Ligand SMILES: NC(=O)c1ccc[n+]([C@@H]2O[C@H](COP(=O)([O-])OP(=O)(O)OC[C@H]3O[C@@H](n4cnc5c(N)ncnc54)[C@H](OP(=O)(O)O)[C@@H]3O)[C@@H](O)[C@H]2O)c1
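This document starts with one chain, in the form predicted on its own, laid out as structure tokens.
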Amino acid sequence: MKIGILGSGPVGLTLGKGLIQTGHHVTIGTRNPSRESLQQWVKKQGKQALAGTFRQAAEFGELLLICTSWPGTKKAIEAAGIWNFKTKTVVDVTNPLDGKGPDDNGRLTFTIGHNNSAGEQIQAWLPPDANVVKALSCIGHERMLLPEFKEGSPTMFIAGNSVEAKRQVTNLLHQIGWDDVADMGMIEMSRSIEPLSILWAAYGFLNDSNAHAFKLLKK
């Protein structure tokens, strides 16, 4: 599959690497595709990797991932061309963070209140027939690929309005090592999924760790 990734930070590059390793072709979209470090990344990944503008990545991808920092997300979508999202599955990996980092207790702060979410906002910015699926927002990039823990397989929580889009995203998650995927319902459930990133980051801050994840236990 051709996959376009908006965002060339650690999250976008980590997921790009994992998707290439599972056989997909990836174009990373960014403001500065000629950046030397990004070009070196592309060279290292091989012929299945490309770097381009946000628009080139959105045009390329049959499925799109949004991995931008929250303050730049709307501008990245606009630069990509709203029409390039039509009818596509769009994986929202963002969290609506204010960009200030953790406070003295390791707590991050969202810019969106409890009555909205990044997932809902992105769905509202895109054409009605674009199918946003919230996923991969409750784990650090260091553990996004092949997450293995001695206590078992962690759970990835997803949400979205399209059953078919969620099936497609679930298949991709399985390919990169997420054996346990929990469908939490419509895109509005992003309001409950996204705050898990605050818990994840706070535990990591207080325990100097990125080797942790969430697990939904079922009897």
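Each residue number is its position in the shown sequence, starting from 1. Everything numeric in this text was worked out from a predicted model, so none of it was measured.
A second form of this protein, the form predicted in complex with the named molecule, is not displayed here; the remarks below concern that form.
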Check your understanding: Is the named molecule close enough to G18, Q21 and T170 in the model of the complex that each of the three has a heavy atom within 4.5 Å of it?
Key -> no
Practice item. Scan V90, I139, A80, L126 and let me know which has any heavy atom within 4.5 Å of the named molecule in the model of the complex. Key: I139
Practice item. Would you kindly say which of W178, F157, F60, F54 lies with a heavy atom within 4.5 Å of the named molecule in the model of the complex? Key: F54
**Study point:** Interface stretch in the model of the complex with the named molecule - options 186 to 194, 43 to 51, 26 to 34, 158 to 166, non-hydrogen atom within 4.5 Å
**Key:** 26 to 34
Review point. Does at least one non-hydrogen atom of R107 fall within 4.5 angstroms of the named molecule in the model of the complex?
Key: no
Check your understanding: At the 4.5 Å heavy atom threshold, is L64 in contact with the named molecule in the model of the complex?
Key -> no
Exercise for review: Using the partner position in the model of the complex, report whether G72 sits within 4.5 Å of the named molecule, counting heavy atoms only.
Suggested key: yes
**Study point:** Distance check, A201 to the named molecule in the model of the complex, heavy atom within 4.5 Å
**Key:** no
Exercise for review: Go through 1 to 22 residue by residue and record those having a heavy atom within 4.5 Å of the named molecule in the model of the complex; state none if no residue qualifies.
Suggested key: G7, S8, G9, P10, V11, G12
